[in-house]
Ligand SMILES: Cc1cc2nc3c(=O)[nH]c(=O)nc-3n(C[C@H](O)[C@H](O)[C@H](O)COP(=O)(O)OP(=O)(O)OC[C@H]3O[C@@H](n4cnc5c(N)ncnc54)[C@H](O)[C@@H]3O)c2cc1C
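Only one chain is included here, represented as structure tokens and corresponding to the form predicted alone.
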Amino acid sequence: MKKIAIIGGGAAGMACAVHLLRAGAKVTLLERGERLGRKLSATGNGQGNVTNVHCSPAHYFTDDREKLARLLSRCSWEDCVRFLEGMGGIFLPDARGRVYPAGRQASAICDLFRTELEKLHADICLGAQVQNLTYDGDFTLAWAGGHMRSDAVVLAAGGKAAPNFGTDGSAYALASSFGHTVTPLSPALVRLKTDPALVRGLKGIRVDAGLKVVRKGNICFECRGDVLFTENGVSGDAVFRASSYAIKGDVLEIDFLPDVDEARLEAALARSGGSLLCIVPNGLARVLLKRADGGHGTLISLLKRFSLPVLGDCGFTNAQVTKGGIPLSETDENLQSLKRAGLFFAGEILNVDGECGGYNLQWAFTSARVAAEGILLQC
């Protein structure tokens, strides 16, 4: 059996290691940090949103959608749940299809993986940031204080988002050394910036709202979910989803009452004399009433079409995932490099990113399984 090195101890790296170890492979898992799965521990706002029952290529961005569809078909959301529950625990979907552990703790998912890896006698090297990867018939991996040789390598070291978890983009250089390209990188699932004056007085207010991304008068994305106002823009579930589509110059249009039409709202305002009591949170009401200055028409417009021009995003430091990476077109159907046989990819380092809602972890687990199957075909 070949010796395999996996670079990166996140969701994709740990899942790939489990698949390979269960098949009897010799695996060394190398993680630059002092703990496996740190980013996984924070996913789903700390509750562990691992996949989505609505998973399909339509929820992803990539350079090769047809290939992505074939890859996703090899590991459905049900397969993902079976894999996770095979290590223990129970995973259940919510009303929107987002799948969580029943205990709603992302850190417990990491504990499942760590326990399984220990049971499978995984060789784990912590504090091992691979700085050099070469090939001379076998792969040689080198890091400060250590080195090893392997027959195959899985590069699952993440992208550039959330550098506090150790994903600073440095792993792209390992792929580039074999001739791989990297598509333009940008933050995704990230807070959006607007003019601070337009959100003044709203910081900390969270609403369940309808949200549209409008570009030159055309709607390019719309959804419903949490919108949280910050000191210089907006955050929340709906905004994270919209951030995959929004660019500087677009306009966010917020409907604070997506279940109420304008006629019903007009009638309520007429009965209350323009009060917003029991219509929106008091803090939001104060700001909107001040801006409307007594006009019902203006107030209705603010409630149903509150507009915020997008000035940008809050960068990789605040992003959950990376848009861009190693093109799928530079890999085969098992995510093996077309530049160097024996080099495989998994997870966020590839040019695949999903919408908010469990899609990115589904990709991590899918790509991990595909890469493991490709390696096992060669063993």
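Bear in mind the structure is a predicted one, so any value in this text is a computation, not a measurement. Start at 1 with the first residue shown and count on from there.
Missing here is the form predicted together with this ligand; even so, the following discussion is about that form.
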Does Gly325 reach this ligand in the predicted bound form if we count a contact as any heavy atom within 4.5 Å? no
Is Gln129 close enough to touch this ligand in the predicted bound form, meaning at least one heavy atom pair within 4.5 Å? yes
Do Leu343 and this ligand come within 4.5 Å of each other in the predicted bound form, heavy atoms counted? no
Does any heavy atom of Ala42 come within 4.5 Å of a heavy atom of this ligand in the predicted bound form? yes
Using heavy atoms only and a 4.5 Å cut-off, determine which of Ala319, Cys55, Val310, Leu335 is in contact with this ligand in the predicted bound form. Ala319
Candidate stretches 223 to 231, 278 to 286, 171 to 179, 194 to 202, one within 4.5 Å of this ligand in the predicted bound form by heavy atom: 171 to 179
Taking Val18, Cys75 and Val81 as a possible spot, do all three reach this ligand in the predicted bound form with a heavy atom inside 4.5 Å? no
Which residues, if any, of 84 to 99 lie within 4.5 Å of this ligand in the predicted bound form when only heavy atoms count? none
